[in-house]
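To begin, one chain is listed below as structure tokens, in the form predicted alone.
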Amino acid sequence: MLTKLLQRPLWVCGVAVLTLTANSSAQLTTYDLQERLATESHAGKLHGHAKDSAMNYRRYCVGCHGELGDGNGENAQWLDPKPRDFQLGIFKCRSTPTGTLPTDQDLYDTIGRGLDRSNMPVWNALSAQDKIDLVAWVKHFSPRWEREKAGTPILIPPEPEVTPERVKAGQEVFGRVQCWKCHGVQGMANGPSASTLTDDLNRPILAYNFTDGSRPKCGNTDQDIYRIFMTGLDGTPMPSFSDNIKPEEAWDLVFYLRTLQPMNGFNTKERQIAKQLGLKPVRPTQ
């Protein structure tokens, strides 16, 4: 299989930079591919090698992501959302600022966590070494890792105590930055813009429904939700709000969004506070 991969040319469909609008393409030679098979990855004490993951990629990943990592595996035509195109080097789940590459730990965590509401499962069958080797294999598909370093993970300040004042402040942020336009005033993914959303490849994409009990794709802890606000989900309409809201406001928004989620499986204190306050949905504004 490895020989077969090396004999086939690899096209880079586009490399999105900070605005996700600048694309370029270039054909890679067999020599380029061979050179990138030396790609490595590091997460904690784990050290991965792309060359050691060829068979696991063939067994577990190629059906969706394709032999060239371009998201065009034989199963892709039936999948929604579509598999990630690794050639672009653009990833939703990151601890790094928008437009930058994720860390190896970010990719490792995604493989281990899976992506809820997609065909990307939790890969419990893989050992820690298997997963870190797969991270290196994913990286070898995109030349971005040859010329760029991963971004520096954002700092997440300590989580403050949940209070009625913070929940109310979070609702104000929800209205002010117009989260409701996509997610709806009750978080049901039915806002006025929801039906028009597309990803950076112009494919329809759904806003997250806070009320249906599903897990957010990039993790369901309070820190995970905070991180999504401040890094954005690259390749999707979900932007980074790091320039629009302060860290304390981001925490307020986390607490308010928890009031929209079902109690089962989530912290219920925020919902109890919202009930005590008699909190009503935000009123849409232009």
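Throughout, we count residues from 1 along the sequence that is shown. Everything numeric here is computed off the predicted structure, so don't read it as measured data.
The same protein also has a form predicted in complex with a small molecule, omitted here; what follows describes it.
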item	value
Exercise: P239 in contact with the small molecule in the predicted bound form, heavy atom 4.5 Å	yes
V185 within 4.5 Å of the small molecule in the predicted bound form, heavy atoms	no
T110 within 4.5 Å of the small molecule in the predicted bound form, heavy atoms	yes
is_contact(F229, the small molecule) in the predicted bound form, heavy atom dist at most 4.5 Å	yes
Contacting member of G73, P153, P216, G191, with respect to the small molecule in the predicted bound form [4.5 Å, heavy atom]	P216
Contact residue in the predicted bound form, chosen from A169, L101, V162, C93 - any heavy atom within 4.5 Å of the small molecule	C93
